[in-house]
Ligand code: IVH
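To begin, one chain is listed below as C-alpha cells, in the form predicted on its own.
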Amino acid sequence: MYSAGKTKSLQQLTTTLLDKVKKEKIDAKKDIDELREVLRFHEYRYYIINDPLIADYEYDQLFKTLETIETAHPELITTDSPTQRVAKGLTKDFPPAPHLVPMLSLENSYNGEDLIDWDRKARELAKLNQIEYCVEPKFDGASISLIYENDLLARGATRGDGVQGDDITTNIKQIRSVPLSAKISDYGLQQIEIRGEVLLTKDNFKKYNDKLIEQNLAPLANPRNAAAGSLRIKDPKEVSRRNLEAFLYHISDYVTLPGASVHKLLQTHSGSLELLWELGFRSPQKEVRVFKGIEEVVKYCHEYEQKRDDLPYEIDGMVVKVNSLELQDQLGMTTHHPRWAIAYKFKARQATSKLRAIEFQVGRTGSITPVAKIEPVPIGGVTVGSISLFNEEVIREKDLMIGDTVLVERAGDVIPYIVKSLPEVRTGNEQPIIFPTKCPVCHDKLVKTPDEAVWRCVNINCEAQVLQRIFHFTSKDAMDIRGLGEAIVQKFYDLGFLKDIPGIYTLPFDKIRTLEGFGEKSITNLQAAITTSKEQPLHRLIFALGIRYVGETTAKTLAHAVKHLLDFAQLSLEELQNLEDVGPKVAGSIHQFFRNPDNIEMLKHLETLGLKLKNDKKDMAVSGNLSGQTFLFTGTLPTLKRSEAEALVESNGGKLLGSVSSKLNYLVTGDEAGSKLEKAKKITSVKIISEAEFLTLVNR
C-alpha cells in the first residue's frame, strides 16, 4: 500500500508534526489533513503489518492533537477521520442488513481423498484436465461483510442467516485493522462488498480473560465465541477494549465507476487478495499459495496443519478455491455452497488428562447421566473440566476407572468427549466406577427398561426432576417466562416459594418484594411475563410439560389432534399411533403421561389458574399450497432459518414431522444434512428436495 518512498516521506512528516506538537505550533486548518494522513499510516503499520515505526506515546500525542482540533472546529471533521471510530454513547438495537450476495456455507472435507474427489468433480464440470487453486487459512472467528462506497466504509454486517445480517457498522469501526476509507476508486471501483472474519488473537484473548479473572468475573469461553459476542455488544467503547482484529479474504461483489474497466487483479482470487492488501486491508495474502493441480494442495494442507499451534490466532482448517474468477462463475453453486470452494477441516483437538471423579446427575425425565470430572485441560482454546458420559454402557465400553489417564477430544472443535482410557499407563491405584442403584437425590431405587441403556429415577416428586421440569416449562421455546431463569427458580425453590409447575402462577410476590435484588420494576416485569404465558398456544404448553419423546414438532401435531388437552386421557395406544409423527415409543410415553392421576390433577389446576388447555385458531390446521403434505428439515438451509421454514409449512397448510418415516412426504435438505437424509434415501415414497424446490412448492 505504501511504497518505500511514500513511507520515508510520511515518517519525515511524522517527525515534523511531533515537533510542532511539542512546541505547540500546530496550525489547525493547515495541519489537520496531514495529521489524519500520518495517523492512518501508523495504524496501517501497527494493525495491518505489525511493524510500528513510532512509539505508542507518540501516536497518542498525534491522536489527541487531532481530537483537540476537531473538538474546537467540528466543521473540519470527516467521516473517515481516525477519531471517528469510537462512537459517543450506546448504540440501539442492530437493524437488519441485507447482503448484496448471499453468504453461503462451504462444503467440508476431512482428508486428502475428499479433496481429490472434489477436484475430480470440478474438473469434470469444467471439462479441464487441471485446475489452478488458491489455498488460504480458514480463520476460526465471526464472519462479517463490509461495503465500501465512494472510497468510504458504508456498512458492516454480521453473517446472520446468509441472506441478511445485523448492521454493526459502529462496532466494526472499533476494529483498527478495518480502514474507515479505502481508495477503491484508484482501481476503477465505485462500490465493493468484502467478506472476512473477526477474531481475537490467542494473546489478546488471554489478556482479556486475565483482566476478567482479576475482577472476579467469569472468563470468556474461547476466542471464536468472544469475537462473535463482541460484535453485538451495545457499548462500542467496550468493543474497542477487546482489541479485535479482522482478516478480509473475499470480494463478493463490486460496481465499477462509469467508463472504467475491470481491474486486472479482479481476474483471479489470489489477485483480489493482493488488491485488498494494496488497499490497506489485512488480507491473508502472505499466507496464500497458488497451485496447479490438487496433489500440491493436499500436501500444503497437511503441512499447514502441523504449524497451526504456532500461529497467533486460531484456525480450524484451510480453504481451497478455484483461482480463476471466470471459472468460479462457470462452476456456479448449489443452494447451500459454491462448487468452486471447499473447506479442508483439520483433525479434532485432542489432549490427555486424569479422570478424577464421576458425578451422577438427574435429568428432567429422571435419566441418570454420569459426568466425568477431569483435571482441567485446554483443548482448542477452551478449558475442559467436565464431560458427559451419557450412560453406564459408555463407561463399560471405554473401560474407564477413577484415576485413569484418558484421551479427550473436542468433536468438531466444540463438544468434548473421552475417546478412550490408556490402561497401559495404569499404576494399580485406579478405582472401578460403581454405577448407583438408587437416585443420588431422592434415594429411590433406579430402574432400566430392557430397550434402553439409561437408568432412571421414576419418583415424580424427586427434587432434581421437579426443578428440571420447572426449568424446561419456563424456557424460551416452551412457555417463555422471561425473568424466571434457572437461578431464580432455584432460589424460589430453596425458599419454599415454588415447589411445582402450578406454583409458578401462585408465587407469593408480597414475600418476594422483601428479597434483596427484587425491585418493583423486576417484579412487575416478572408478573407480566407469567400472565402473558397463560395465553401461549396449546402446542407450547404440550412441549412445556416435558413429556418424554415429545419435541416441538410433535407437540404441534398433538395440538392439532384434540379440542382439549385432557382429551388425550381418553385415547388408546392404537389411536395415538394413528396420529401423524407418532410411533410406538412416543405413543407409549403420551399414554403413560395422561394415565397418571397426578398429571391430570396438575393440568386441571393449571386450567383453573388461567392457562389455555383448549385448542384455538393458532393450533388449528389451515389450508394452502402444502395442504395434506408432511415435511421435515435437515441440515443448515442456505437462506431460511429452520423456524422460518417450519412456519412456512404450517401457514400453507402443511404438517411437520419430527422423524423420517413412511408418513413423510418431503425431506428438505440443507448443508451438512445428517442421518435423516440417509434414512430417507431408503424409503422410496419420501421425496428429497432442496430449499429452492421447497420454496417453489410454497409459491406454486
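Fair warning: this is a prediction, and the values are worked out from it, not measured in the lab. Start at 1 with the first residue shown and count on from there.
Not on display, but discussed next: the form predicted in complex with ligand IVH.
- This chain appears without its partner; in the model of the complex, the one residue of Glu193, Glu245, Asp404, Glu136 with a heavy atom within 4.5 Å of ligand IVH is Glu136.
- Of the residues given (Leu265, Leu327, Leu106, Ile387), Leu106 alone sits with a heavy atom within 4.5 Å of ligand IVH in the model of the complex.
- Contact check for Pro338: a non-hydrogen atom falls within 4.5 Å of ligand IVH in the model of the complex.
- Although the partner is absent here, Lys556 lies well away from ligand IVH in the model of the complex, with no heavy atom inside 4.5 Å.
- Ligand IVH in the model of the complex comes within 4.5 Å of no heavy atom belonging to Ala478.
- Using a 4.5 Å cutoff between non-hydrogen atoms, Ser240 does not count as a contact of ligand IVH in the model of the complex.
- Segments offered: 164 to 172, 430 to 438, 318 to 326, 540 to 548. Contacting ligand IVH in the model of the complex at heavy atom distances within 4.5 Å is 318 to 326.
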